[in-house]
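The chain below stands alone, shown as structure tokens; this is the form predicted on its own.
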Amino acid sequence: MPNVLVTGAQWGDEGKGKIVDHLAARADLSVRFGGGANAGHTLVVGGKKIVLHLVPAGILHPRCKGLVGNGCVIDPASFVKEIAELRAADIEVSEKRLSISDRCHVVTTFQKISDGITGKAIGTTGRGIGPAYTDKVRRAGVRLADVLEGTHLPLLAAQREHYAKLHVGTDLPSEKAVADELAAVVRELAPYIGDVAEETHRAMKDNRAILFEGAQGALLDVDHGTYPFVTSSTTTAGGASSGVGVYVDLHKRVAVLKAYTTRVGNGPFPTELFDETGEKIRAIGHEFGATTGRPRRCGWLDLPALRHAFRLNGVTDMAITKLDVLAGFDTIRVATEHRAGTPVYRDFEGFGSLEGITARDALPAAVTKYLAFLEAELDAKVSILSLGPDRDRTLVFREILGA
């Protein structure tokens, strides 16, 4: 069975959760390899909206187990809350359905306070994700294993000292209070914590079907995104192996992209719309962050940016989402190049409602032309087309995972 990567090709919020949810019905494992609870996936199942933050989207399918790899950072209290919300929605969450790497770094109170002070310039969620990754790299982080072993108090004391100097005059809790709070909540997660690298390695040896579930998008990658307006982790195919702890031979690499482009937070956005069209896209597409509720900036599709993302990930398949949002527009625009920083557009004929369409050959001619253009320009096939948030509003042109 193949190892399949699902990754975002834009600035995140592309609808990866829905695509992973679709593929997870045929997968054995769904693995998160990077990011934290700043990456929300919104799914609609039977008319009920479910928002996931760090729990892998595969958890919604009984045959699929979710794994959280060492490349992720975890806010234990937030994670416990997420588990409780899933159980309240009648979704089974147990150690048989979910594992967390003991090498995951913990998001601490000090890091959240710091992010709230410094993160506004970048446009972060303020949830401590960036400082947690910063502390990881400067060898000052706290891992789940440290908390389980009871060796985290001196690490937190050093963290507190650092942030007290960084934010002079800020009222910080004592390291003892933070340590005790962490210990209590991590005890609740203890049944789920283990060796995710070994579990993934064993599953690959057994030829099981594994989804590697990316967070955010290629244009937010810390190395290859629109630096410095990026996230703090590797969001592309290159992050899968290091973020899980075992070499991953990816057989298929699925890029998820909207039929238009959105971005949350600050940073460059060449095709951004500041007019009524942008407002219309935001309103129809309900473009507000699943985790934060922040309004997303909206604009037309950007082919140069997508070519960059596809090259980074070696994309084999495309999953295009929210095409239905553009129904009713007279003209749909795609930026084909940038000249002196200004997008050059190609215009496509608009199309009407896509309600009730269940097969590719029933799509309007204008949609068929639009999709064929993207396939030719990006050198990848459209394998999945999402026409709405519900599970049944998904057209599958070719199977990525076998039945």
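The model shown is predicted, which means the values in this text are computed figures rather than measured ones. Residue indices: 1-based, along the sequence shown.
The following text describes the form predicted in complex with a small molecule, which does not appear among the structures shown.
The partner is absent here, but in the predicted complex a heavy atom of T321, alone among N313, T321, Q159, T271, sits within 4.5 Å of the small molecule. For the candidate set R296, H308, R333, R143, a heavy atom within 4.5 Å of the small molecule in the predicted complex is found for exactly one residue, namely R296. Listed stretches are 245-253, 192-200, 97-105, 321-329; the contact stretch with the small molecule in the predicted complex is 321-329, by a heavy atom cutoff of 4.5 Å. In the predicted complex, the small molecule sits within 4.5 Å of a heavy atom of H41. The closest non-hydrogen atom of A24 lies beyond 4.5 Å of the small molecule in the predicted complex. Contact annotation: L387 falls within 4.5 Å of the small molecule in the predicted complex, judged by heavy atom distances.
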